[in-house]
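One chain comes next, on its own, written out as structure tokens in the form predicted on its own.
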Amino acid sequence: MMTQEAIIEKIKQAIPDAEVTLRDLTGTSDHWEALVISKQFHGKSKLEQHRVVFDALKEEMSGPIHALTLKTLTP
């Protein structure tokens, strides 16, 4: 199980300027919905933006995080 704070911290380690909003979809701390806003996404496709976030959570996605619904935006 991962806490909301731990997931946000992992994303911010990879994307320091990120504004992250995270919501537990099931109450079991393994299905999450995330909104990540970062200047780093400027000029990148949605696929590239999502890859940055998923790469930051690579270890967690194969274990404590079962599903992540992701929306990425630039400020």
Partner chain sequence: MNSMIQKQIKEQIKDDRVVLYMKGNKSFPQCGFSARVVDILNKHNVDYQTHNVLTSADIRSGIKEYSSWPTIPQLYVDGTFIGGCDIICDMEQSGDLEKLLNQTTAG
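As the structure is a computational prediction, the values presented were derived from the model and not from experiment. Numbering follows the first chain given and starts at 1.
Here the subject shifts to the form predicted together with its partner chain, a form of this protein not shown in this document.
Its partner chain contact at Arg51 in the predicted complex, heavy atom, 4.5 Å: Yes.
Thr69: touches its partner chain in the predicted complex, heavy atom cutoff 4.5 angstroms: Contact check for Thr69: yes, within 4.5 Å of its partner chain in the predicted complex.
Any non-hydrogen atom of Lys39 within 4.5 angstroms of its partner chain in the predicted complex: No - in the predicted complex, heavy atoms of Lys39 and its partner chain never come within 4.5 Å of each other.
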